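As a starting point, one isolated chain is supplied in structure tokens, in the form predicted alone.
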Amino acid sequence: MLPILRAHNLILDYQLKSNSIHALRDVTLTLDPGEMVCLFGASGSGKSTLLNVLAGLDLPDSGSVQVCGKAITDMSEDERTALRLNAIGMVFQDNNLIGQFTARENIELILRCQGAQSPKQTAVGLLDQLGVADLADRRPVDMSGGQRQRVGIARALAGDRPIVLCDEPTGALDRTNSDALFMLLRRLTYSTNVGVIIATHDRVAETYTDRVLEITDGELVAS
């Protein structure tokens, strides 16, 4: 089985007036289909930066990222955007749902951009898969934090995208909802064969994952 994501020797520095910050230091990792990887690190350790580079939102100074066999570090910005639309779903701590849209409409928007047939029915089916079909016509302001995150995950899975990257998805949730979300992501990796990377500082996550990575000062220091 070939990895669906490969990162090799990623280096990224941010230049400040007086010095430079080593955001990523020679980072190499892979992600397989159906694998759930936990990326631990304190605030400022490089977790979010790494996810942004893996998703093609930022480019490294050197190194390469391959998604489904395609080198996104060689692509134009438009090409990377198109690849994200079809291959990489992202889940954020604040879920980034569009406040004026219902849960169904947030997912429909992705499906319509992908050119999917029957986007309304597909969106409702994804919400049902995540156990929140009853929220289809509700706007984010009328949902709990855990409900918004489930809708965010449904949106990330839209269009059968094989990779889901989660940036502190439980940061705003209590222990019960955090456990439920980790368990849900664990189940999804088995049932859909999606590959998931969760960047978090919540140590409970490692009980649900296949592999644990740690990042400190931009460097993967243990696995």
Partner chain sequence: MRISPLSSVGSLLIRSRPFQGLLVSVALLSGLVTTTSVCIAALAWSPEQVATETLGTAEARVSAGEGPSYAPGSELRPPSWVGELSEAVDVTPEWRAVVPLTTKEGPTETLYYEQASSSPSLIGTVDLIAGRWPQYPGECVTMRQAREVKPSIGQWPIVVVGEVRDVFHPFSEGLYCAPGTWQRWQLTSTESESTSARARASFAFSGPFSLIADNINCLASEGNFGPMGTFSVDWRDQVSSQRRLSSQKFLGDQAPLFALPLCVTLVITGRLAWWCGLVRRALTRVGVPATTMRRVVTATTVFGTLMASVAGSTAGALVAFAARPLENAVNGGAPLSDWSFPLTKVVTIAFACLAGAGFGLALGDAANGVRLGQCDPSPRPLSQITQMTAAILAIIMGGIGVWLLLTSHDRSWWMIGGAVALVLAFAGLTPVILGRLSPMLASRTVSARTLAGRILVENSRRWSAATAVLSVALGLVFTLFTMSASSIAGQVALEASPIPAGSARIETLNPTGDRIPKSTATQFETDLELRGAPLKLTELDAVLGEWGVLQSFDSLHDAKQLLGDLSNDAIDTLQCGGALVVGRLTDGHTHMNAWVANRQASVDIPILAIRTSVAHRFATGGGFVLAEALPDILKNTGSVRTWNVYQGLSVDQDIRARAWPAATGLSRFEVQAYRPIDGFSFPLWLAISLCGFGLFLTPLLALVLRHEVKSLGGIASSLRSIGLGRSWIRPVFSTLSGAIVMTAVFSGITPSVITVIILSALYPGVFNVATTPWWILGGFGLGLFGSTQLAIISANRQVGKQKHIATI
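No experiment lies behind these values; they were computed from the predicted model shown. Positions refer to the first chain, counted from 1.
Another form, the form predicted in complex with the partner chain, is not on view; read the next lines as being about it.
In the predicted bound form, the partner chain lies within 4.5 Å of some heavy atom of Ile110. At least one heavy atom of Leu57 is located within 4.5 Å of the partner chain in the predicted bound form.
Mapping the unseen interface onto this chain, Ala71 falls outside it, with no heavy atom inside 4.5 Å of the partner chain in the predicted bound form. A residue is said to contact a partner when one of its heavy atoms sits within 4.5 Å of a partner heavy atom; Arg138 fails this definition for the partner chain in the predicted bound form, lying far away. In terms of contact with the partner chain in the predicted bound form, the residue from Ser48, Thr30, Ser64, Ser178 that brings a heavy atom within 4.5 Å is Ser48. Shown without its partner, the chain has Arg161 as the single residue in segment 158 to 180 with a non-hydrogen atom within 4.5 angstroms of the partner chain in the predicted bound form. Relative to what is shown, Asp13 and Asp94 are closer in the predicted bound form; their C-alpha atoms differ in spacing by at least 3 Å.
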